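A lone chain, given as structure tokens: the form predicted alone.
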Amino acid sequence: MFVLIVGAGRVGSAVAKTALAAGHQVSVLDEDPLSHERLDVGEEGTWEDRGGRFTVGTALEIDALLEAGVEDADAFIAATDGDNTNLVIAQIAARRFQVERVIVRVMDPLRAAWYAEQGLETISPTAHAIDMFEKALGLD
């Protein structure tokens, strides 16, 4: 499976390294060239030596998505630090490029729920944290 991950922060780079180790083809797109270093931490060899692909560019630009391989992606993960960016690029991947599986990280739990109702596969770490705290405090 070819996976395109946008955002090489803590979440995106961890998912990318896990997917690559599981035998998937992985491309990462990030606007910060230094974020590439996260993909090498704790690993032997560089990201590219291990078979990964890295593209520097802004995901809101179609050319950057194309260079990163969006047309060939079987899965697309939007994991930047901005909800608005993640939601827009997830919809572009799903609607314009018909990527089969699109997963979008949305910090705002209300927005995540609304976009999930519209058909996007959302993950909200904030909603998950709220659930965990409620269970821990016996509020559920």
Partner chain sequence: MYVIVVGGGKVGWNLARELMDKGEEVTLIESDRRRYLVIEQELEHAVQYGDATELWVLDRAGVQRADLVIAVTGDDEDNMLVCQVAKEKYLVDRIIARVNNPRNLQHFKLLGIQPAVSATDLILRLIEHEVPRYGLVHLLALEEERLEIIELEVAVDSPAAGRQVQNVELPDGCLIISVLRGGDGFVPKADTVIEGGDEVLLVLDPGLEEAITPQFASPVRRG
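Residue numbers count along the first chain shown, from 1. This structure is a prediction, so every number in the text was calculated from the model and none was measured.
Another form, the form predicted together with its partner chain, is not on view; read the next lines as being about it.
Heavy atoms within 4.5 Å of its partner chain in the model of the complex map, among the stretches 69-77, 111-119, 39-47, 22-30, onto 111-119 alone. Between the options I92, I103, V99, A64, the residue in contact with its partner chain in the model of the complex by a heavy atom within 4.5 angstroms is I92. Although the partner is absent here, T85 is a contact residue: one of its heavy atoms lies within 4.5 angstroms of its partner chain in the model of the complex. Although the partner is absent from this view, V56 stays clear of its partner chain in the model of the complex, with no non-hydrogen atom inside 4.5 angstroms.
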